[in-house]
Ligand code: RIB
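Next up is one chain by itself, shown in structure tokens, the form predicted on its own.
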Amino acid sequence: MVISFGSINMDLVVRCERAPAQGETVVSTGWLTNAGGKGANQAVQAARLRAETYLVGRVGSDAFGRDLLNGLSAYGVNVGGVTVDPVLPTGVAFIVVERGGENRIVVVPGANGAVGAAELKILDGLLQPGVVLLLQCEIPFAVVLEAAQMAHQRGATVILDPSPWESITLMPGVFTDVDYLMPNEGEARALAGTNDLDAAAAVFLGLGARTVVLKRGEKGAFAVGAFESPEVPAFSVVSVDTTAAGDSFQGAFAASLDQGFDPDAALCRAMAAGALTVTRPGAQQSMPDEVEVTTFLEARLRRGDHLPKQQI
């Protein structure tokens, strides 16, 4: 079982040739709304890879909240653990996507900021040995740490996406209950205070994380801990929209662990899912299913790409 404990947002997406500079106005080439939020996105990707997936979080009692829950259910995510806030609105993310696919995001937490004791109680009722728990930092960080500790004590595997990194308070042993810490390259450098990836990974290991995976986009990943090689190359694809690529990576990695793949094979499948996600626009609707990931990996294997033995 995979449980995602985190944010649920409605994404308001604006497309443009390039993001405006300070004080500048640019004309959009189009806009749309997407279901999003790191917690929800990661749950969708896990469910699309056929993992039994639960989402625990909070939405507002508004149209966005109702639409988001209906959409998540349609993807096969169990939303019985999502509470409805009677006062706060559903979280919203404003996303600017440039022609090359790069994005800039501003998040309004809304109900996500009130995730706390009620949701922790729901999580406690779902946790059991063997569960894979996905955590992110778009909900209060103190609650994230409590969820990680609770899961670790119950024998679950804990995966933390430390984004947005500004919400994290570094202290000795802060990642003690984290089995896999998965920042992107920029987050790793900002959190660790260094541009050296080896040094950044060492900082996180020193803070308690058992394994560190630094997501580097088209440059692949840098992995330290339960992996054969620290340098993991990316799959070459044509990028259309990088929105939710990291969430796809996390969700696919969690689902693969849940399905019995070893960490190297799970990482390979996560790289494939993230690569497929950037080839099409949107967030949850851009995430691949099990057939697509398997077909993609089989094609790359025939092409001669080096893949772990257990990759599919």
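In this text the structure is predicted, and so the values were computed from the model without any measurement. Residue numbers here begin at 1 and follow the sequence given.
Here the subject shifts to the form predicted in complex with this ligand, a form of this protein not shown in this document.
Are all three of N184, D241 and V278 close to this ligand in the model of the complex, meaning a heavy atom of each within 4.5 Å?
-> Heavy-atom distance to this ligand in the model of the complex: none of the three under 4.5 Å.
Verify the contact flag for K38: yes if a non-hydrogen atom of it lies within 4.5 Å of a non-hydrogen atom of this ligand in the model of the complex, no if not. Yes, K38 is a contact residue.
Please tell me whether any heavy atom belonging to A266 falls inside 4.5 Å of a heavy atom of this ligand, as the geometry stands in the model of the complex. Because no heavy atom of A266 falls inside 4.5 Å of this ligand in the model of the complex, the answer is no.
I'd like to know if I122 sits close to this ligand in the model of the complex, meaning any non-hydrogen atom pair within 4.5 angstroms. Answer no; every heavy atom of I122 is more than 4.5 Å from this ligand in the model of the complex.
Contact between I105 and this ligand in the model of the complex at 4.5 Å, heavy atoms? Heavy-atom contact with this ligand at 4.5 Å: present for I105.
Item to complete: Would you mind picking the one in A93, L145, C137, A200 that has a heavy atom within 4.5 Å of this ligand in the model of the complex?
Response: Checking each option against this ligand in the model of the complex, the one that comes within 4.5 Å is A93.
Partner-proximal stretch of 23-31, 266-274, 58-66, 244-252 relative to this ligand in the model of the complex, 4.5 angstroms, heavy atom: That would be 244-252.
Discussion item. Heavy atom within 4.5 Å of this ligand in the model of the complex: which residues of 111-137 meet that condition, in order?
Written reply: Contacts from 111-137: none.
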